[in-house]
Ligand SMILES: NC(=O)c1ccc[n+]([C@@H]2O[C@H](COP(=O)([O-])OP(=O)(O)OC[C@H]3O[C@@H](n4cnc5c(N)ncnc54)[C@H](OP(=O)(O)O)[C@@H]3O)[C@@H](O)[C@H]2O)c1
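The data below hold one chain only, encoded as structure tokens and taken in the form predicted on its own.
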Amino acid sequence: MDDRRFRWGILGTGRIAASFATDLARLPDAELVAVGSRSPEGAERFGQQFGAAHRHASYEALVADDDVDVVYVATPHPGHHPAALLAIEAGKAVLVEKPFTVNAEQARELVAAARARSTFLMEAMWARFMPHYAHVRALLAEGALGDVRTVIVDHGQWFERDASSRLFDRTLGGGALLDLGIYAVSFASMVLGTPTRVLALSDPAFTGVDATTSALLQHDGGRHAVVTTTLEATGSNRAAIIGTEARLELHSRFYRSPTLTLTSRDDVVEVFEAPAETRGLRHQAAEVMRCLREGRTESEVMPLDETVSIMATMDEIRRQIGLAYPGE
């Protein structure tokens, strides 16, 4: 499999699907061969735009396509679980857009199904695979920060109040937490792991989904993470990891900023520049293909058990702020 091109199918035709298709074209070992939509028109339009020869008018037809090796699930949040399950049951490798599912129960079901079939599965938390995140992990591994005590992450963007927007629609898993807060919670998890205690506060948007949500995550050893997210205002969108020897700051926007600043306890400053990126979605696709070449069924960079843990943390935040979605 070392020399082969992996054939991708995209399930869904929205904005993130288009961004992924654009980035996938930058990988020489990837080929977009198929798209699946809920309508013939949607499949035809997307297929023409991005050169997918197979244009399926149903998700079932996409996952049954023998020419597809890997399925990327790019539906709205509530569609992730059923669509990914279809692909897993069809024996495809699967990359599921973040947040992985609406809740941890759904996440556990997908993981169990993939492991039962020995099928590759991964959450498309694309920032996790960016070069500057890899540099963060390297600095932590070498102990450059000392004993990490605090992680602080802010992710806020302004969106126009629009009842027809997916972001404000409870039936589509709308709200700040699932769309924006997932970046902050995932970053804290990457650094500190699973919290032992969660304290959350929130204020609602006009449709009842969360507009602004903040959480304090307590971890073993007295370590804390503070995460805040809003869809009502553009925040600093910075992240900081504060240790006993130094603090590491990720500049705006932390999930794709190429610049890292390491400041020692004695105020000695080092600046690291990772390769400049735009969206960078191709890195997660490259990780999928690397894992498949090595015969892996999950990624050590974004392990399935961690994805489930992150969804459980999100569940607890939602429980405390009183945000439930239809069917829960």
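The numbering used is simple: start at 1 and walk along the sequence shown. The model shown is predicted, which means the values in this text are computed figures rather than measured ones.
What comes next is about the form predicted together with the named molecule, which does not appear here.
Chemist: Is there any non-hydrogen atom of His77 lying within 4.5 Å of the named molecule in the model of the complex?
Modeler: Flag for His77 set to yes.
Chemist: With a 4.5 Å heavy atom cut-off, would you call Leu172 a contact of the named molecule in the model of the complex?
Modeler: Looking in the model of the complex, residue contacts with the named molecule include Leu172, since a heavy atom lies within 4.5 Å.
Chemist: I'd like to know whether Asp179 contacts the named molecule in the model of the complex, with contact meaning heavy atoms within 4.5 angstroms.
Modeler: Asp179 belongs to the contact set for the named molecule.
Chemist: Mark Leu281 yes when one of its heavy atoms lies within 4.5 Å of a heavy atom of the named molecule in the model of the complex, and no otherwise.
Modeler: So Leu281 counts as contacting the named molecule.
Chemist: Candidate spot His135, Ser186 and Arg247, all three in 4.5 Å heavy atom range of the named molecule in the model of the complex?
Modeler: No, none of the three is in contact.
Chemist: Can you pick the stretch from 142-150, 189-197, 110-118, 95-103 whose heavy atoms fall within 4.5 Å of the named molecule in the model of the complex?
Modeler: Looking at the other structure, the answer is 95-103.
Chemist: If the cut-off is 4.5 angstroms on heavy atoms, which of these, Leu304, Ile16, Ala312, Leu24, is the one near the named molecule in the model of the complex?
Modeler: For this set of options, the contacting one is Ile16.
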